[in-house]
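The chain below stands alone, shown as structure tokens; this is the form predicted on its own.
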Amino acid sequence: MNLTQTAFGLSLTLCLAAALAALALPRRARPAVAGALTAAAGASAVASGAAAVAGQGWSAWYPDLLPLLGVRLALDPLGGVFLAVTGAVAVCAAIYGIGYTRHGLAGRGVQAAMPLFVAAMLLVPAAAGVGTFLVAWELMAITSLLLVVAEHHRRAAAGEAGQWYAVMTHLGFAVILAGLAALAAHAGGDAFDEIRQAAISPVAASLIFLATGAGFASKAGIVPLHVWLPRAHPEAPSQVSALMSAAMVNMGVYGILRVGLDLLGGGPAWWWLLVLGAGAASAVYGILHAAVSADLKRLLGHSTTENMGLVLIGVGAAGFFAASGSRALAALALVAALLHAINHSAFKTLLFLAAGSVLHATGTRDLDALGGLRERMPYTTALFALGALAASALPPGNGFVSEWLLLQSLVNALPEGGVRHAVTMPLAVGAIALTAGVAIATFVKAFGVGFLAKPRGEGAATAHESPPTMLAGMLLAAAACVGLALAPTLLLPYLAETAGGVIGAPAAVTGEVTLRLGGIASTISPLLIACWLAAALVLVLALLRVFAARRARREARLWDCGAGPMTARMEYTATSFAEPLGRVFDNVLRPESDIDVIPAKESAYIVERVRYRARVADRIERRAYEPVLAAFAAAGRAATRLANGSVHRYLAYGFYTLTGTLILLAVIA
């Protein structure tokens, strides 16, 4: 029994113990005990995943646990990466949840569903058979759905989000089930080892890849299957939002990698061009909606679509390069994708937990009603700023390194390829560059409007700092962001070995302080960049202090155009900050605005009040989903005419159905 097996078994046992404790313990002790056990399970999963990445593989078959197929488990380096990331996110979310759930979320059901959700996510990358994978996937969907609707009795929006999530996640499960069942049927067995050895025709492999890819893309929140994500993530409790946005969506990426590159052996180039195109569209579409969103958690949800799009650009490029014979570039693109998935998990955990602290302290997540939190919530403000820097992909944030690696793999592909490279790579680079620029504006808005200046609402004016357990969860996520930003060289050799094993190529990244890319002349040292930036900042501050000391200090009132002291109403709001961006991308976003001008009673020419409302609807949802929903609603209304309460009619239905079935069986036989 090695460390991988021991730690993995311990993590599942602790999750089960946490669920039982949540059901058995009194309300006062429930969050602390269940949270501590879930955090311990996450830490154990990190150890198991790290051991698997380091080469301690493990596999097992328990034939009696699941009827007919049994339970097949195995951990290789690829599964270990996703297992360790999920465990790390679970540690932060569970500790944070001890303080957060004491405010109305300490019920038995919610507290028990949380560790079961974590256990399901740990089982997905460890599954080594189709049956085990599908059971774990469905358990993950059901437990996350229970957590999304945990507050439906308080907010109707949570119930609506749950309906969208339930429909989308089970449609995704249906196509994954169909694809994996076909794969097992062609292979003649359920085990992944048998599937790898099977000879599957190109047409069948393509159909299986398209079916499973659509289901996994739905879980990852990829356009146009993303519509559940900006609803479910904001409405779930904040620690659940962190788990869904930083860990669960990764399972969609894992599924594409496992089926496409591992079980199906790579496939033709067009598979991966499709993945790359979907990733680029998701990255641009997600960040544009994030830029114009005034809801803090909804903004972060759209940002998840953007970052999963960036990860899929790397995955698609890796598969495309591998199919084209450029194994070294394929390994580099896959390293960039894996590192960006890890980085996204770190900073999105921090941002969602910080957003939860804001919601906990102010009672609102509307950026237009926030502001002035810097003085009242100094620790949360500093931690959100750190997460915003990472999400902006600016140095020295951790998001910068992975996006730089991704750009290097795309830019250096041009000299090697033909027409497809010449068309695809510039478009992909352009999508990443556009995404990075809009992401900076988005997170400047989120931080500047939400935390600086004066409070624009009563909740912001009376805000208070979060309790220690919530701060501890955020601090752990912040430490992960800092570690990944300053010392990615500690992690990258293992990711390079993992990617090289999947692609069949040597390690694409080496170096202890300076990163060196295999076969490419580019190098980078994140630690030295951070040191240079810190030195430059210290120098600027020192110079300002020296010059300021030479001049006498004067205090003067800010120039206000004669209108009196500045008030909160004169500040930029999230809506006004994003208005220019909305105009620039008007053809994509199509913002809707409504202006009500209310005249005074005495004269129609004197304006008493002007009311302005702006809304950016999801055009994909409006064009693709609303007509389908309207058709189903119409069919439902028409179906009510069939059920008029007459017993005679119902007996007739039964008679005609039975007769028709017998006739059909007779014809078939």
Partner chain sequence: MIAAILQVVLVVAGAPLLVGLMRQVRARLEGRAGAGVLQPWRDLRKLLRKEPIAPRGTGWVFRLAPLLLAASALVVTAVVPLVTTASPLDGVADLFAVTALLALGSVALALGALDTGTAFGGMGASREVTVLALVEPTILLAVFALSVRVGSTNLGAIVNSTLDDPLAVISPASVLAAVALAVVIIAETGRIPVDNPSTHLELTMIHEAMVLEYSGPDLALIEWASAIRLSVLLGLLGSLFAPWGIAGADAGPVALLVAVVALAVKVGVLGALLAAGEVFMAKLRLFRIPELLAGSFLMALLAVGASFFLA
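Note that this is a predicted model, so its numbers are computed, not measured. Residue numbers count along the first chain shown, from 1. What we label the rigid core is the largest C-alpha set whose atoms superpose within 1.5 Å from one form to the other.
The form predicted in complex with its partner chain exists for this protein as well; it is not shown, and the discussion that follows is about that form.
Considering non-hydrogen atoms and a 4.5 Å limit, does its partner chain approach residue 395 in the predicted bound form?
Heavy-atom contact with its partner chain at 4.5 Å: present for residue 395.
Classify residue 479 as contacting or not contacting its partner chain in the predicted bound form by the rule of any non-hydrogen atom within 4.5 angstroms, answering yes or no.
Residue-level check for residue 479: no, no contact with its partner chain.
With the partner left out here, check for me: in the predicted bound form, does some heavy atom of residue 270 sit within 4.5 Å of its partner chain?
It does not: once its partner chain is placed as it appears in the predicted bound form, residue 270 has no heavy atom within 4.5 Å of it.
Is there a heavy atom of residue 588 lying 4.5 Å or less from a heavy atom of its partner chain in the predicted bound form?
Judged by the heavy-atom cut-off of 4.5 Å, residue 588 is well away from its partner chain in the predicted bound form.
Can we say 114, 198 and 236 each have a non-hydrogen atom within 4.5 Å of its partner chain in the predicted bound form?
No: no residue has a heavy atom within 4.5 Å of the partner.
Of the options 210, 528, 167, 185, which one has a non-hydrogen atom that comes within 4.5 Å of its partner chain in the predicted bound form?
Selected residue: 528.
Scan 351, 95, 410, 121 and let me know which has any heavy atom within 4.5 Å of its partner chain in the predicted bound form.
In short, 410.
Heavy atoms within 4.5 Å of its partner chain in the predicted bound form: which stretch in 430-438, 341-349, 236-244, 497-505 meets that?
Selected stretch: 430-438.
Which of the residues spanning 483-518 lie within 4.5 Å of its partner chain in the predicted bound form, based on heavy atoms?
Heavy-atom contacts within 4.5 Å come from 514 alone.
After the core is overlaid between the shown form and the other one, has the C-alpha of residue 433 moved by 2 angstroms or more?
No, residue 433 moves less than 2 Å.
Taking the rigid core as the superposition reference, indicate whether the CA of residue 558 shifts 2 angstroms or more between the shown form and the other one.
Yes, because once the rigid core is superposed, the C-alpha of residue 558 moves 2 Å or more between the shown form and the other one.
Under a superposition restricted to the rigid core, does residue 210 display a Cα displacement of 2 angstroms or more between the shown form and the other one?
Shift at residue 210: below 2 Å after core fit.
Specify closer or farther for residue 374 and residue 545: how their Cα atoms are spaced in the predicted bound form versus the shown form, given a shift of 3 angstroms or more.
Compared with this form, residue 374 and residue 545 lie farther apart in the predicted bound form.
Taking the shown form as the reference, report whether the CA atoms of residue 373 and residue 556 lie closer or farther apart in the predicted bound form; the distance changes by 3 angstroms or more.
Residues converge in the predicted bound form, at least 3 Å closer.
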